[in-house]
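Just the one chain here, the form predicted on its own, laid out as structure tokens.
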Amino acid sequence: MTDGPDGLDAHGSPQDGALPRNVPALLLRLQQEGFSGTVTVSASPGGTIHLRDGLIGAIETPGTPSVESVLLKSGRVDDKGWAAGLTAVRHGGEHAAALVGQGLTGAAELEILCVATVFEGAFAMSLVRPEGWEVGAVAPAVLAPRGIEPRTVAEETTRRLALVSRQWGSPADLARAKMRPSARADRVAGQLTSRYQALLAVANGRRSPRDLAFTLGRGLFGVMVDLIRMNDLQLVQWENGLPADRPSTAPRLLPGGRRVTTEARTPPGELPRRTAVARRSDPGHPDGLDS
């Protein structure tokens, strides 16, 4: 979580001490206390942050697919296998251990997915101003085995918000936008990555980035980054037009007609170089959610 554009001020806290001014401050306090339990944030969408010994193990929110949604949508785990994992939880076991123990997913793959959904959940929840929070007891969830420090999650969320703001404009506006494939998309379909083709196949003018994320079992941030790049490649058209404050991607010209180049061009369907670098080093990069 991060203060983000709205500050994320909220009300509610543990029983003692001064009220934390926002959710990140609350999470830092709970980390210091080694708290295990949940923080349920009221918003639209809100969500539940799962803590174990003060570290964030999972974030579940209607704003982006959870571990369960990604595993089921991608076909990695079927409904029967997921239900068997829940049975293990009711008997005192951990859902993640049950899924791995049954051979439904690998331990390393599940850990990467858990970490990725934590970052995705924090990003999705940071797009709106929360109304409050409630600290509660431990609840069943598939947790990242080693947990993630709240400060790391806040820093990564700030980075993601800044990236979308710089390349598009308001992240909240993009999250509500709806698009469909452009005429150019059909002409260059064979040159596009499978990820872009999958997005174009389900973008029907009625789905927002959140809808696309749930349809494909991908994280919201990953979908938004792809849509920004696809817009720059003229692969999508927006139902309500572009935001008035959206940064222009049109080439600038110097006297004499020479073009100013601000970044290296990339082939259709490929991400800019800086994003490819982030993918290799960032465990929370959206490609960790691709199916």
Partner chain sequence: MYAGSSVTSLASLVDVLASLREKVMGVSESVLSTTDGLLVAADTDTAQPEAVAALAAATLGLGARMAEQAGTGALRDVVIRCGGGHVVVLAVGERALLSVLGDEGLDVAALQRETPATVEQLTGLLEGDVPA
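Positions refer to the first chain, counted from 1. What you see is a predicted model; the values in this text were computed from it and never measured.
Separately, the form predicted together with its partner chain exists; it is not shown, and the next lines address it.
- Interface residue among 31, 69, 231, 38, judged by heavy atoms within 4.5 Å of its partner chain in the model of the complex: 69.
- Exactly one listed residue, out of 151, 178, 184, 129, brings a non-hydrogen atom to within 4.5 Å of its partner chain in the model of the complex: 178.
- Taken together, the three residues 63, 207 and 214 all lie with some non-hydrogen atom within 4.5 angstroms of its partner chain in the model of the complex.
- Stretch-level contact check against its partner chain in the model of the complex with heavy atoms at 4.5 Å: of 115 to 123, 157 to 165, 134 to 142, 199 to 207, the positive one is 199 to 207.
- Contact between residue 195 and its partner chain in the model of the complex is not found at the 4.5 Å heavy atom cutoff.
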